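Quick setup: one chain, the form predicted alone, written in structure tokens, and binding and motion questions come after.
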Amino acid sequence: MKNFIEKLLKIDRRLIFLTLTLLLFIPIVRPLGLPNKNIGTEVKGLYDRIESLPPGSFILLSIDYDPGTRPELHPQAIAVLRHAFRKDLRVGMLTLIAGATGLVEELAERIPKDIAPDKVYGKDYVILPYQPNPAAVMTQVGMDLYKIYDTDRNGLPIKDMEVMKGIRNVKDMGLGICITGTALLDSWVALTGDRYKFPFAGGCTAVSQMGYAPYLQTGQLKGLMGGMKGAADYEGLIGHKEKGTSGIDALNLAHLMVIGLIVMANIMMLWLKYL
């Protein structure tokens, strides 16, 4: 027994890395949906806010992240879109970051494929073109968005689109959501949310989440998704597990394996020392 334990303690670390790789591969291929009873109240707040909107309400979704923060934030955007369309809400998508235009196009391609195949562009959703001046956009959509957005990303006039019926500024919208890895969410709250009494929510990276606690406490943010955990929580609430759930499953399995190895190593060391 002693010789066996000594061999285990000297196991080639490459075998441990290989085992970890195989373990992580499982949830990446197919989400396991490990038990998640600790859903954040701020995530539930965003979910409840969208749930409370009557069908036909308009939400403004600002996709303000680049490929560097895509793994954390893209699942958040997909989950919100899936929920909004399930509730028969109208969606206006835009971005204020040049590096996000490709990600917006990716979302646009996924909507008819699997997010909401029954929804029609121009009737149920519209994608606005990139604008390089965030402050101007945030201010103008509070007064008259057609003065800064007269066409969609394809150059088609949006004023007569069915999706924009009855919409002139944020007073005609039900909710604004900014998903970002930058400080643009702060600007949306200050320049649009507070200034025009427009209900706003957001999504951010995990490292930025705590910085938005004051906004949640004061009610300036109606809800917030933080990092991969926020995406996984939201996927759990809407009952559609995807990349957010896969990511959290992979993290949980990795943590469990590391904890298990630490416990085993300590038990074996105690066995060799005292028995």
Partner chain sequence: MILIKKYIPLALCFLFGVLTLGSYYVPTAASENYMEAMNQWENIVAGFAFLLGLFGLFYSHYNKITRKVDGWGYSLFVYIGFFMMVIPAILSEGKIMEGTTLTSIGWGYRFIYNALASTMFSVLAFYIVSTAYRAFRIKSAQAAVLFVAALIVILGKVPLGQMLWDTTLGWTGTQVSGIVQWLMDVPVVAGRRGIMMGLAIGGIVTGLKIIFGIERQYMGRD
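The shown structure was predicted, so the numbers you read here are calculated from the model rather than taken from an experiment. Positions refer to the first chain, counted from 1.
This protein has a second form, the form predicted in complex with its partner chain, left out of what is shown; the following refers to that one.
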query = Is its partner chain in the predicted bound form near all of Ser52, Pro157 and Ile238, within 4.5 Å of a heavy atom of each?
reply = no
query = Looking in the predicted bound form, any heavy atom of Tyr215 within 4.5 Å of its partner chain?
reply = yes
query = Any chance Ile248 has a heavy atom within 4.5 Å of its partner chain in the predicted bound form?
reply = yes
Distance check, Arg195 to its partner chain in the predicted bound form, heavy atom within 4.5 Å = yes
ask   = So, in the predicted bound form, is Asp88 in contact with its partner chain at a 4.5 angstroms heavy atom limit?
value = no
query = Counting only heavy atoms and a 4.5 Å cutoff, which of 143-151, 157-165, 117-125, 78-86 contacts its partner chain in the predicted bound form?
reply = 143-151
ask   = What are the residues of 40-55, in order along the chain, with a heavy atom within 4.5 Å of its partner chain in the predicted bound form?
value = Gly40, Thr41, Glu42
query = Your call: Leu18 and Gly68 CA atoms, closer or farther in the predicted bound form versus the shown structure, by 3 Å or more?
reply = closer
inquiry  = Relative to what's shown here, the Cα pair Pro27 and Val80 differs by 3 Å or more in the predicted bound form. Does it come closer or drift farther?
reply    = farther
